[in-house]
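First, one chain by itself: the form predicted alone, in structure tokens.
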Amino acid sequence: MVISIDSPLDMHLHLRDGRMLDIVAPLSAETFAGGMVMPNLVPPVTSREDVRSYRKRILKAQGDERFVPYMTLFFRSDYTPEFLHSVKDEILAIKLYPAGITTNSEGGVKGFDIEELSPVLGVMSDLKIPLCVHGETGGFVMDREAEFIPIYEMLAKNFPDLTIVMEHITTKEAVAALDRYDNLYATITLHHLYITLDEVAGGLLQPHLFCKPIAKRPEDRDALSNVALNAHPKVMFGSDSAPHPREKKEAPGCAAGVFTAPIALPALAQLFERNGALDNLQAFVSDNARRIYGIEPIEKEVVLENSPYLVPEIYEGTVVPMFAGQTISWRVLSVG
């Protein structure tokens, strides 16, 4: 069996910087037409110059691969209207992180005072700049996303014309919120469609499956699968592929992040085929994102075939992918 995907998009992608950027950028650029690149570098991407410089480094790292990096800014409440006007055409969205909640988010928002956030969010709404949010509180780890839902609701109610994307949702509560507000959308990762907390820590700890938000319960995975496999019009694929050096994963203080970029499309095809939903894969990995963000990606056809593929144990001796050393049932046949 062979299927063709037209211009697949990864709407939540970590490419890092330096040597790691050189390793992972070509792996996303090989099979995706574009990806929305997260801004949580050290220091974060907060200026027009930062955006331009990072984009230039990405294009250099990806080499000859045809791939569009959709750039983002790290949310700050002191952005001026003049600045947002000046940078609007160089970014696709602005990413909001609660302070300290995930990798390199120490400079994020402390508390969600609507009066403090309103000036920037109001201008973003006027300029049609989407807001992407890592939606977790600082509460008990399994409850953080569900506890954040009232903040999403507050934002959605106060800024009804602002496109708000709930990033990498992991709970049935987030899925339920999608249909309560016209301006709420979501990305869903590959790994949260496959795993629950049991796969991470139910037996021996699996550090390469540890991520934030942490994988949740089977009923949460079922809720995610339902909307993804049925290509709900308000959800789209965002890998949250988050590479770390092996020594940072297999260590005390294990870094959070699952590296899925090289195997994302074959693993998604495997999942959708198992559930009789291959016809919906195109919408989940491309069409919905085009409509939600109002983008038209470059033309890129990725052909997948139902044939065994042995996932590499490690890339460049540095970063370990999901399913490392395992065989999945789909592979990339060609890219054109």
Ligand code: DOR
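Predicted, not measured: the structure shown is a model, and the values here were computed from it. Heads up: residue numbers just count along the shown sequence, starting at 1.
Keep in mind the form predicted in complex with the named molecule is missing from the figure; the text below concerns it.
Shown alone here, Arg246 lies farther than 4.5 Å from the named molecule in the predicted complex, counting heavy atoms only. At a distance threshold of 4.5 angstroms between non-hydrogen atoms, Cys211 is in contact with the named molecule in the predicted complex. The named molecule is not shown here, and in the predicted complex it never comes within 4.5 Å of any heavy atom of Lys216.
Among residues of the shown chain, Gly257 is one whose heavy atoms approach the named molecule to within 4.5 Å in the predicted complex. Judged by heavy atoms within 4.5 Å of the named molecule in the predicted complex, the contact stretch among the candidates 121-129, 260-268, 234-242, 137-145 is 234-242.
The contact with the named molecule in the predicted complex, taken as any heavy atom within 4.5 Å, belongs to Thr103 out of Asn183, Ser225, Thr196, Thr103.
Out of the listed residues Asn288, Thr31, Gln62, Asn40, Asn40 is the one that sits within 4.5 Å of the named molecule in the predicted complex by at least one heavy atom.
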